[in-house]
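In structure tokens, the next block holds one chain alone, the form predicted on its own.
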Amino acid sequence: MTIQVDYRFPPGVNAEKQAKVIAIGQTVGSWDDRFSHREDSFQLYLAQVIRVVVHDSGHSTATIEFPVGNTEGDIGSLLTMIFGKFSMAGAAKVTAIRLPDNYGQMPKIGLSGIRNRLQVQDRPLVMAIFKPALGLTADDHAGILRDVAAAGLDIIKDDEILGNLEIAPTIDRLKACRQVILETKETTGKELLYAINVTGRAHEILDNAKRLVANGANALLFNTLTYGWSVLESLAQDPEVNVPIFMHPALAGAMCGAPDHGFNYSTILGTLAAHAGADAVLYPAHYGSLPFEKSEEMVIRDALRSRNVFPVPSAGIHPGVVPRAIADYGNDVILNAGTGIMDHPSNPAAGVIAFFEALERVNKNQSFSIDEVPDSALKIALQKWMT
């Protein structure tokens, strides 16, 4: 089995030469006659340049094939091999990584498991974010959750910035919100997931996650790129962490935003996330508030779904973009809104209702023109975000 990686080089770079540097330097390295008796062994570990293609733009893409046996089957050793030292050698961008199906791990819960836990099979899921992000108490969080839970919300998550802070310690937020979740289920029969942010030093995070799950957490949020791929893998592998893990893309722009350096977003938030055990992955939507290419978004969508991971387009999602989201994703998507729910002019519950009204209008193929939408939570939302 092999791993194939595409590297894009800007005009003026000798892609063939650089590809050979990667193939040798990121695997065996050079050798001389002193090691000629090891030639057969070296060939087993040496990467090969498969092709070099020159594009009309002047950019070139080199494809290199690496032996799987050069890695430990995880994301850390993979990244060290394919782009470790060479990432400091000049302009080059990893645009695609093709891994064997059995590389890394599948999600424990995944798209189908999240649907089963929520008992919702036939529509997109609606997710909210606690806002404001900082400064609320645990009781404040519970009050917000009580409001949106009554409106039928499926999932709520912490803001990624919110850690284990003195004003609202993580365990206190969990206990306060867990009570609301139990009350909602008793009253309505509806399940609701709360993806609580798990943080800490590397040696603490797994214990913190286990403690949260033992105290009733039914989902976790994890900032993989700031805390580490190996930590995500450990969370995903541990049988005591038997809840879905929502991966947040914080720091992705620093790795992916430069035109000729780093990685394509789809490699980090699509391929690697899908092979690291995440159950759902957040990333910007191209019609949202962050600059993002639709082509990248669709590659991420497909990479995640291919391994039963829920795609979660985010950042600037509001009820007015629901038709576009459904056109892009169909039903297998989580619509994740922060201000798009919490800043609804009526109240956050109306923000949730507006999303469900939007989904109903899409299903009925009805217009989203403001003057054709009857007075409703949706119409108020469209007046706020679409005018």
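Predicted model, so just to flag it, every value in this text is computed and none were measured. In case it trips you up, residue 1 is the first one in the sequence shown, and so on.
This protein has a second form, the form predicted in complex with a further copy of the same chain, left out of what is shown; the following refers to that one.
- Proximity to a further copy of the same chain in the predicted bound form, taken as a non-hydrogen atom within 4.5 angstroms, holds for one residue of 213, 109, 205, 96, which is 205.
- Between a further copy of the same chain and the residues 52, 333, 362, 342, the one pair within 4.5 Å by heavy atoms in the predicted bound form involves 342.
- With respect to a further copy of the same chain in the predicted bound form, the three residues 34, 74 and 133 uniformly fall within 4.5 angstroms at the level of their nearest heavy atom.
- Although the partner is absent here, residue 172 is not a contact residue: none of its heavy atoms lies within 4.5 angstroms of a further copy of the same chain in the predicted bound form.
- Residue contact with a further copy of the same chain in the predicted bound form: residue 287 places no heavy atom within 4.5 Å of it.
- When contacts are judged by a 4.5 Å heavy atom cut-off, residue 263 counts as touching a further copy of the same chain in the predicted bound form.
- Within this chain, residue 219 is remote from the site of a further copy of the same chain in the predicted bound form, having no heavy atom within 4.5 Å.
- From the list 112 to 120, 139 to 147, 184 to 192, 301 to 309, the contact stretch for a further copy of the same chain in the predicted bound form under a 4.5 Å heavy atom rule is 139 to 147.
- Looking at 157 to 191, the residues that come within 4.5 Å of a further copy of the same chain in the predicted bound form, counting any heavy atom, are 159, 160, 161, 163, 164, 165, 167.
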